[in-house]
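Below sits a lone chain in structure tokens, taken as the form predicted on its own.
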């Protein structure tokens, strides 16, 4: 499993193991395709610990797992733009990092937020949470665009276009079983 920098590979506590196991299983199988027994087995956690840490059970765990994944994505965005000379260079690095994740293993071949929150219960809380997470990714990308010299309106538009394109490219990459679609995004957007 790939651990974002905010959670090391050291022996995690029970709550962290539940979160990381749920995030991986939700990415692979979707919310409805993942059972609580499977999460407990993967995380080596006793059943009572799930409800101790997540009183509403699977739905609480899904929201926290989505936040954990989102924090990892924010770290990838930051790392991608950290040394970039301009927005196009940072976006290119970002796309290449995402393509590497796609190639890493089956658990990254779908958008982690989509499989956790859009496959989850058909309720407003999950949709609102997904919107918040995706909006935060756009805001973070826009912040980097402004730091690289774009005006706010242009930065917001460039960030939103990049994230919209990545979401579509991820779906096409999954259908084609090829990360090349993600790697080609910068060429299509920036020439």
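Here the structure is a predicted model, which means the values were calculated and not measured. Residue numbers count along the first chain shown, from 1.
Unshown form predicted in complex with the DNA; subsequent notes refer to it.
Participant: Report whether the minimum heavy atom distance between residue 48 and the DNA in the predicted complex is within 4.5 Å.
Facilitator: Because a heavy atom of residue 48 falls inside 4.5 Å of the DNA in the predicted complex, the answer is yes.
Participant: Is there a heavy atom of residue 153 lying 4.5 Å or less from a heavy atom of the DNA in the predicted complex?
Facilitator: Residue 153: no contact with the DNA in the predicted complex.
Participant: Is residue 52 close to the DNA in the predicted complex, meaning a heavy atom pair under 4.5 Å apart or at it?
Facilitator: Answer yes; at least one heavy atom of residue 52 falls within 4.5 Å of the DNA in the predicted complex.
Participant: Would residue 34 count as touching the DNA in the predicted complex under a 4.5 Å heavy atom rule?
Facilitator: Looking in the predicted complex, residue contacts with the DNA include residue 34, since a heavy atom lies within 4.5 Å.
Participant: Report the residue, out of 164, 125, 56, 157, that has at least one non-hydrogen atom within 4.5 angstroms of the DNA in the predicted complex.
Facilitator: The residue from 164, 125, 56, 157 that makes the contact is 56.
Participant: For the chain seen here without its partner, which of 125-133, 65-73, 36-44, 138-146 has a heavy atom within 4.5 Å of the DNA in the predicted complex?
Facilitator: After filtering at 4.5 Å, what remains is 36-44.
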